[in-house]
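Here you get one chain, nothing else, as structure tokens; it is the form predicted alone.
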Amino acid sequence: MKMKISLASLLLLAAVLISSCYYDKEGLLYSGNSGPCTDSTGTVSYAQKVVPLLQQYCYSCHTGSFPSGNQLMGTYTADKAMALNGKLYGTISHAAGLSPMPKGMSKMTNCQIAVIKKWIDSGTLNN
């Protein structure tokens, strides 16, 4: 009987030790990010950080004579207007009441969204 209690105690201790080693970082596991977001720290450059993201995800549909959804992008003035009216951040963050973007593609990563949000929050500078 004493041996059964010792064995049970040992198994219980092993289970506690094994389960205590679980490491869960929700942002890394479920957000599509592979590491910490460093692109949104400091000053975010429109030309170097924001435009490449908009080119990758937005400009293919939202430029030209007949932009999708009648939402013209592709110039600083147009991009700034979309940022200031809330549609840019709202659509890429999939906010309720706005059409989630980009259509037909994966949602931007949290880091990419943070870069655009930082640019907007910093005054949408043309830098």
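Residue numbers here begin at 1 and follow the sequence given. No experiment lies behind these values; they were computed from the predicted model shown.
One more form of this protein, predicted together with a small molecule, exists but is not displayed; see below.
Interface residue remark: Val50 is not counted as part of the site for the small molecule in the predicted bound form, having no heavy atom within 4.5 Å. Using a 4.5 angstroms limit between non-hydrogen atoms, Gly69 touches the small molecule in the predicted bound form.
Using a 4.5 angstroms threshold between heavy atoms, Leu98 counts as touching the small molecule in the predicted bound form. Among residues of the shown chain, Cys111 is not one whose heavy atoms approach the small molecule to within 4.5 Å in the predicted bound form.
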